[in-house]
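So this first bit is one chain, no partners, the form predicted on its own, shown in structure tokens.
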Amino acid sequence: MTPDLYVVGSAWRTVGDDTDLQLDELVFECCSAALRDAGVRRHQIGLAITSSLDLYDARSISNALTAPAAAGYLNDELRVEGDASAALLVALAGLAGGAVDFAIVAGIHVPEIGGLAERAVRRLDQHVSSYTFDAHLDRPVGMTSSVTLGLHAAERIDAGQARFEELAAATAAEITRGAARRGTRPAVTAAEVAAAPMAVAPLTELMLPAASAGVGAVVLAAGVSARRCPRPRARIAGWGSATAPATANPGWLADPGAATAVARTRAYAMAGLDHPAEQVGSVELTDLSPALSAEIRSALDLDGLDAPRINRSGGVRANYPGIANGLLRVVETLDNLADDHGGVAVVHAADDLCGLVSSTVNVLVLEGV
């Protein structure tokens, strides 16, 4: 029997150099907004989970600062050092097990680097990424998450499975679409994408995710407690999770959609989706490179989905707040469901600490209410 679980409130804030708030103040502001959206008071929250990483926050045990601001004061709370979608699954487990009626999940990616321009944030992200690879096997050859994306794109172009011009056109369309929503990049043309500085061949800087800073929060609730909220946003009909192979297994390059397929199978079975291309109204992908997009869609069994229903928000090339990305994808999906006045939507989120290597993939199925 599928647990009766809901998203009852959400909030998102993209953080730029113009903010004068400290990290805990940003988290408090965002979580307070999510609680107001849900119509829930802080004392009703039984479980608070943050998704963050000390290396980004430039603090030892940074959740000691952020957890109280995320409704974790005198409460059950924990921190997940991974994509915020993983933190959301942990919260769902607490709700499904009957431990609590309300939970809040906060995703935090506000690097303490003195400036939050895209290149500066990406530079830190890649520096942290290099530390996640094995120091003896991978790090001497310069492995980072972006390098794995470049290796994949180069292999697909060499094999004739992708063309640079097509990748540039797809990227420009996503960035331009996202500029009208929460995108951090202005609208661009395919020519501008192709002419952008090369990041890791054959991918230009604009083909990589739009590295940004942000804080997001969602309030989750179970059963009757959720239905008593003034404006439940969506029912969580199904979820699944899987992890990609490590470096020694060539599967991460040969079939980077394999983990997505496993997570999708679990999520769709729980949600009762048997004809997803017909049943799903929209999907938000974490396709970290445009060369991955088709493979991720296929792994989600959404090859037949019309282009306007894929990454309406512009996806990760419009806005990619690192470890908080999973929550942004959920927030964007809630907007998609509102625009569609209901229906079914899919969220695909993946951490990129190692890029395509050892990446944990989470798939959620949301139903409008």
Partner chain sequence: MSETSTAALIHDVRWEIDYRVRLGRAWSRFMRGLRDRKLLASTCDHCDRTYLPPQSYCEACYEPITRWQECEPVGTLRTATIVYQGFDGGPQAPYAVGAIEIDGTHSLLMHFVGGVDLSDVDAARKALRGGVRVRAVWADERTAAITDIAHFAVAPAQP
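All values reported here derive from a predicted model rather than from experimental measurement. Positions refer to the first chain, counted from 1.
The form predicted in complex with the partner chain exists for this protein as well; it is not shown, and the discussion that follows is about that form.
Shown here without its partner, the chain carries Arg181, Leu220 and Val224, none of which come within 4.5 Å of the partner chain in the predicted bound form through any heavy atom. Note on the interface: of 183-191, 168-176, 196-204, 67-75, the segment with non-hydrogen atoms within 4.5 angstroms of the partner chain in the predicted bound form is 67-75.
Contact annotation: of the candidates Val330, Ala38, Cys31, Val316, the single residue with a non-hydrogen atom within 4.5 angstroms of the partner chain in the predicted bound form is Cys31. Scanning Ala277, Ala269, Ala117, Ile113 against the partner chain in the predicted bound form with a 4.5 Å heavy atom cut-off leaves one residue, Ile113. Not displayed here, the partner chain is approached by Arg139 to within 4.5 Å at the level of heavy atoms in the predicted bound form. Contact between Ala338 and the partner chain in the predicted bound form is not found at the 4.5 Å heavy atom cutoff. Although the partner is absent from this view, Arg228 stays clear of the partner chain in the predicted bound form, with no non-hydrogen atom inside 4.5 angstroms. Using a 4.5 Å cutoff between non-hydrogen atoms, Ala159 does not count as a contact of the partner chain in the predicted bound form. Heavy atoms closer than or equal to 4.5 Å to the partner chain in the predicted bound form belong, across 120-149, to the residues Leu124, His127, Val128, Tyr131, Ala135, His136, Arg139, ordered by sequence position.
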